[in-house]
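Just one chain follows, in the form predicted alone, and it is written as structure tokens.
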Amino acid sequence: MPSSRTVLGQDGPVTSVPQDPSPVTTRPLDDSAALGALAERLAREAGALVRDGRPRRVDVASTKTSPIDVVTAMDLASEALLRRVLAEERPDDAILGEEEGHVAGTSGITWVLDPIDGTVNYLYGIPAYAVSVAAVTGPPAPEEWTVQAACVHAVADGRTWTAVRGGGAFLDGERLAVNPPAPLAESLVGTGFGYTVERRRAQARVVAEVLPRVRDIRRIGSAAMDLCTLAGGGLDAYFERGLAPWDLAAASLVAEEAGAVVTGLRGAPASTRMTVAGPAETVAGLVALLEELDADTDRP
């Protein structure tokens, strides 16, 4: 039997990821451009399902970490579509999805899926939600993997962000670049919040300290769209505690390929504990502030 370990999401363990002890096949890594093309096709197909199948009134199918961490029937349907296509076209690849967890593979590639990033926005009809698809190599954990190809597809308006490692980041075919570095006092900063009372209380303390020191704060409600917005210059910097692997995978590559640093605090990589992104000089100042505030803890 394979052993397992826990992957953390917004507010604690969210799935057990089997660690297959069998050796990975040694066939050469697929061309990143081919992986990128498939990621885009998958995201667009799932996006069409989400868009065309949205009823006038969306109901909650279930909840996860708290009563406000919701799952809709469309989250489940979107992920099922993504998994079905991958099983047909890439049967040797592993899959890590928000709703159905991890399925091991032997190719060395894992597809990391967020079937609807911004589910609460989707639930309320706020047009800021996206399908996120990434192909990664290495263990299925943000601290250890390397994202090879990515697509984030904004369902409501069709904007599509793509990136392959070493090939740049694009929005609908137009190359992206982050804003030049700016002092924190002149930086528009994006963030997001968790789902439990304890996490939100801690995040409110941090935001109350950050807000007077930056130009302003924005909360889009989709971490993937936050990071992609940063990549195109719509934000100067971004931070959030509690991002799950599927929140981070695709959009982190888009941000990096647009010139952003994506990191954690205290020398750690970006992870569920903390993700900070932006131009290097701006990130350095924001990281120092967040470390001073113990923003990677739930201290009230």
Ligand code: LIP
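Note that residue numbering begins at 1 and tracks the sequence as displayed. Source: prediction; values computed, not measured.
Here the subject shifts to the form predicted together with ligand LIP, a form of this protein not shown in this document.
Ligand LIP in the model of the complex comes within 4.5 Å of a heavy atom belonging to residue 119.
Mapping the unseen interface onto this chain, residue 243 counts among the residues with a heavy atom inside 4.5 Å of ligand LIP in the model of the complex. Using a 4.5 angstroms threshold between heavy atoms, residue 218 stays clear of ligand LIP in the model of the complex. Although the partner is absent here, residue 169 lies well away from ligand LIP in the model of the complex, with no heavy atom inside 4.5 Å. In short, of 192-200, 177-185, 138-146, 206-214 it is 192-200 that has heavy atoms within 4.5 Å of ligand LIP in the model of the complex. Think of it this way: in the model of the complex, ligand LIP has a heavy atom of just one of 110, 162, 78, 222 within 4.5 Å, and the residue is 222.
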